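A lone chain, given as structure tokens: the form predicted alone.
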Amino acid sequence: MTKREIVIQALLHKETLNVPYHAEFTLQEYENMVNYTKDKNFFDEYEGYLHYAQYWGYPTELPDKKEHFKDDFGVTWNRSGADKDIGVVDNPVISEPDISLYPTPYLNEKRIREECENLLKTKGDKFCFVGIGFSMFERLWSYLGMEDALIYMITDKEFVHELLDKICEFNLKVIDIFNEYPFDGIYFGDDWGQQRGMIMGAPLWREFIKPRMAKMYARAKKNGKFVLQHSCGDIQEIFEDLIEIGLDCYQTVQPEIYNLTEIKEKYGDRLAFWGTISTQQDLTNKTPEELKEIIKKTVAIMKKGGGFILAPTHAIPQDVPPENVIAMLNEFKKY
């Protein structure tokens, strides 16, 4: 079977001989690995099973502000700190709960289509999909700031509903473009979890986020695409909701948060899991030999009945020793 076929079998909860795997890096860690291996193409021999790109608003550098970028949504990101991949929001674009302040985003259809076409040209035999980052709650707080986004969910519900409707409407236009291409799936990035429990709590998630995600999932599935969802943190209390609205695969599964045996037994026949190798604890702190044993035990739990993509729980950060990265990738290839 091709890599694409193996991933599809996994998402259909059919166990395969090979376990599909994936890995990606922060910019700083990729540079660390190039310096360590003396090879800018070091990752080629470890090519995983997934091939995708994520749209979250193309950034334009601001010449008067070093390492500051403005995206298609009018948000300015400051990358002068530790996070060189995304950065932090400089100042909220919407300063008060007034929908007239909503900055209509620029739909860069030409560039989206160019990226879709390039993605398909370079996919090889991998499972190929495209995504929307900052797809709902994250877009809300990037406009408002985290504190105000959460406060307005309580004090100005009508405003939040109006703003989320506009975010959803824009995303549906992007999904309609994606749907013109023969991708295998559509991915949504949107962090809802903390280390313990959800940022806004399940009731507010169900009130504000769930109805819009349901619309986007339904549009993505319009022509048979799989739906994949990223959220960091602990969101187990909404797994049933996500299954209900059509989610096929949840990423990322952090072992310091979830009991892998329990979630596999409870949800594994209805929800596929992508992740499980901790960037927060294990990749950073364990020895290469300890990592190999962790991966071996994790695969034994998660591969049963399919529904599993083996991967680090996030893009590998810059504090992971290169020796651990190599040990992890070599172990992945064994499966």
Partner chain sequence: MQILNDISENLQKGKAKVVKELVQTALNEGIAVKEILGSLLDGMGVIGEKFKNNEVYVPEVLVAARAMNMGTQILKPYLAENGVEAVGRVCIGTVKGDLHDIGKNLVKMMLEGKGLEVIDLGTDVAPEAFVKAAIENDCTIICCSALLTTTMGVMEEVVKAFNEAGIREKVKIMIGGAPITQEFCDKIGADAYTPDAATAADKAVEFCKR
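Keep in mind that this is a model prediction, so the values were computed, not measured. Numbering follows the first chain given and starts at 1.
Not on display, but discussed next: the form predicted together with its partner chain.
*Asks:* Heavy atoms, 4.5 Å, its partner chain in the predicted bound form: which of 173-181, 106-114, 122-130, 202-210 makes the cut? Say which one.
*Replies:* That would be stretch 202-210.
*Asks:* Could you tell me if N324 has a non-hydrogen atom within 4.5 Å of its partner chain in the predicted bound form?
*Replies:* The answer is no: N324 has no heavy atom within 4.5 Å of its partner chain.
*Asks:* Wondering, does Q280 line up within 4.5 Å of its partner chain in the predicted bound form on heavy atoms?
*Replies:* Heavy-atom contact with its partner chain at 4.5 Å: present for Q280.
*Asks:* With the partner left out here, check for me: in the predicted bound form, does some heavy atom of E265 sit within 4.5 Å of its partner chain?
*Replies:* It does not: once its partner chain is placed as it appears in the predicted bound form, E265 has no heavy atom within 4.5 Å of it.
*Asks:* Residue-level question: is D319 within 4.5 Å of its partner chain in the predicted bound form, judged on heavy atoms?
*Replies:* Yes, contact at 4.5 Å.
*Asks:* Would N78, Q195 and M198 all count as contacting its partner chain in the predicted bound form, using a 4.5 Å heavy atom cut-off?
*Replies:* Every residue of the candidate spot has a heavy atom within 4.5 Å of its partner chain in the predicted bound form.
*Asks:* What is the one choice in E169, E147, E158, E240 with a heavy atom within 4.5 Å of its partner chain in the predicted bound form?
*Replies:* By the 4.5 Å heavy-atom cutoff, the listed residue in contact is E147.
*Asks:* Please tell me which of I151, L260, A218, I99 lies within 4.5 Å of its partner chain in the predicted bound form, judged by heavy atoms.
*Replies:* Checked against the cut-off, the match is I151.
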